[in-house]
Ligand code: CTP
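Okay, here we've got a single chain as structure tokens, the form predicted on its own, with questions on binding and movement later.
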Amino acid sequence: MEKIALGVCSSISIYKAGEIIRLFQEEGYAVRVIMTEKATQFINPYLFDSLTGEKTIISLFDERQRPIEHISLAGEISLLLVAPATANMIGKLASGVADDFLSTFYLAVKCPVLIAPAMNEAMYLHPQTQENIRRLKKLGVEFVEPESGYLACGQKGIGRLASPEKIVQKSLRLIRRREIFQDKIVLITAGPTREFLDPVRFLSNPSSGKMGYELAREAYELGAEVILVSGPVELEPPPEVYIEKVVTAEEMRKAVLKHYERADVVIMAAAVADFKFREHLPAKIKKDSLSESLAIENTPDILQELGKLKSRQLLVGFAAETTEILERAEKKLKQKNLDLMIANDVSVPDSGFGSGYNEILLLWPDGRSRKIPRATKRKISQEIFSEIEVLLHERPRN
């Protein structure tokens, strides 16, 4: 099991460290906590002992530790994360001061280092703090920028510790990034589209967007630049992902075409509504004025258009079906000039639309197929990108 070293400093936001530990553990990582002496005035180290199952490190001279623990532990970790990081600790790291375990440990590690500052706005914006941050960045240290909001002093400004989710996702990007994705632009569509009859009624489907958002998260963590074109959903995108929100199929088409030429990988995971009303009325229709039939027509087939325009892009499509899954997916794979088709049966309970789980069938143009049994959409996204990575490696480099 890979291990993260979490450095914790004396900030009021120290309470968020417990959530950071939990999120790492959910991703399968062990965490070893290193506290500064002053941090123990905020939280008892036994809390972190209980959460991690390992003794929290505080002092360089602790009988519970291995000899030269800072050197031993440095060889075991995949990442050193300091969160929350005070102005004092940032200054020590930037200057090479090594007068406690955490600052000494920083000088010993060879893995990526990520710092999440947390302090008063005046302290954060002070020229000396900003100079210390610049010095560390020049040395290759990465930062999760603090957020704006209410601070412990009662004032409002920048300096709040970033959210645990943002910190952990940035951490995973540093740990999991792959060289082949680092210069790639990945364009992903997600969620449903809505085709309105009048201002309050529309055609749509139960897509939650979870599959597309998990794919965007995976692409981000692997090191790609990610463009997410999203229909109306109630989800937060991964940090540093460019998101363009759309509603209708035509809006999605225009947004995708705008970014398509510079994209290296395109994954059309959105559940685009297949039909739209021929007429969009400006006011709500009254029941007594509704006709017996409403004229509908097809929405644009975005995936087929992309297949015709494809040059160097690796194009991946989704086929959400309820019957003849394999036959329909194979037909779409050929018709739309895809490099990979992902088919799933959306009639299966607690799978596909609106669920956190999925069960998919992968199809390639050469006739190969692979079934991925029911798993979380997080796991499914990882499996999909494993196959995309193989396809990218098989392509000739420009």
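Start at 1 and count along the sequence shown; that's the residue number. Computed from a predicted model, the values in this text were never measured in an experiment.
One more form of this protein should be noted, the form predicted together with the ligand, which is absent from this view; the next part is about it.
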Please pick, from 180, 273, 314, 94, the one residue with any non-hydrogen atom lying within 4.5 angstroms of the ligand in the predicted complex.
273
What is the one choice in 100, 301, 264, 142 with a heavy atom within 4.5 Å of the ligand in the predicted complex?
301
Quick one: is residue 83 in contact with the ligand in the predicted complex, heavy atoms, 4.5 Å cut-off?
no
Does the ligand get within 4.5 angstroms of any non-hydrogen atom of residue 332 in the predicted complex?
yes
Looking at the partner-bound form in the predicted complex, is residue 229 within 4.5 Å of the ligand by any heavy atom?
no
Can any non-hydrogen atom of residue 336 be found within 4.5 angstroms of the ligand in the predicted complex?
yes
When the ligand is placed as it is in the predicted complex, which of 315 to 323, 163 to 171, 276 to 284, 231 to 239 ends up with heavy atoms within 4.5 Å of it?
315 to 323
